[in-house]
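Next up: a single chain in C-alpha cells, the form predicted on its own.
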Amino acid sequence: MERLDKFISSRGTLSRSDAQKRIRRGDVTLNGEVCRSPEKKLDPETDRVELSGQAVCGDEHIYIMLNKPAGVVSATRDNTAKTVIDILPPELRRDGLFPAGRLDKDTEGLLIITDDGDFAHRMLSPKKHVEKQYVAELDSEITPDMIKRFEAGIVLENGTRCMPAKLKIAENSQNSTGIVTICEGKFHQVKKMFAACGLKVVHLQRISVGNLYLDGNLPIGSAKKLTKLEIEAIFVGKIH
C-alpha cells in the first residue's frame, strides 16, 4: 500500500507538497471518487488514480522510446540547449527520468528514457553484449577492408581498441551508407571508427537496441511508452 500524495509525486512532475495541494483542492479521484486525503492508502496494482481527469501511471518505473531529433542533447538538463527530457510530452513525464545511454547532439533515432537505474545499467554494460545498430551515411564508399577492420576491432586514432563490430553496406546506397552494429558505447564511437578508416559520417541514426527497433510510425521528436514485450525485446526475443 502507498500514500496517495507519494504515489502521485513519484509518478509525475508534481512535488509532494504540490500533490497534497491538488488532492485537497479536489483535483484527484481514486477509483472514480474525489479524494481529498493526501494520506489515503491505495494499492498501485489495482486502484485507479486520476489527476484532473488524466490517469496517473501506476507502474513503479516507466520506459520510453524517443525518436530523438538532431539538435537535442541526451541529458536531463542543459543551460544552452533543449534536452531529451524537455521534449517529452507531459503525459510521459515524471521525476527521476534520464536517458539510458546517449546519442550525440546531431545524431537521430532510438533513445530509451527511463527512471530505472538497474535497467539502464543492465542495458548499457558491455558485459551484457546488448547490440546497438546505426545507419551511417558517409562521405565516401565503404571497402571490403573496412568491413574486416570493423570485425577485428577498430583501433581509434588515440590508440583505443574497440570491441569487434559489424559493418555492412546498406542496400541501394552506392556503397556510401553503412549499417553498423556495436555492443559498447564510447564517446562518438561510430564517428571515430569511421574516421580511423578515413571516412566522415555526414548523418547518423540509431535504429535498434538489442532486438528493440525504432518504431517506423513514430515521427522524429515523438515518444511513446514501451510495452512489457518491447522492454523484454531489448534483451531477448525479436519483435519485428
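The first residue of the sequence shown is number 1, and the count goes up from there. The structure displayed is predicted, hence computed values, not measured ones.
The form predicted together with ligand URA exists for this protein as well; it is not shown, and the discussion that follows is about that form.
Between the options D86, D104, D78, E151, the residue in contact with ligand URA in the model of the complex by a heavy atom within 4.5 angstroms is D104. Checking H188, R48, R36, K41 for any heavy atom within 4.5 Å of ligand URA in the model of the complex turns up a single hit: H188. Taking non-hydrogen atoms only, L204 approaches ligand URA to within 4.5 angstroms in the model of the complex. Using a 4.5 angstroms threshold between heavy atoms, F98 stays clear of ligand URA in the model of the complex. Heavy atoms within 4.5 Å of ligand URA in the model of the complex are found in exactly one of 167 to 175, 26 to 34, 189 to 197, 208 to 216, that being 189 to 197. Within 4.5 angstroms of ligand URA in the model of the complex, the stretch 130 to 149 places a non-hydrogen atom from Y134 alone.
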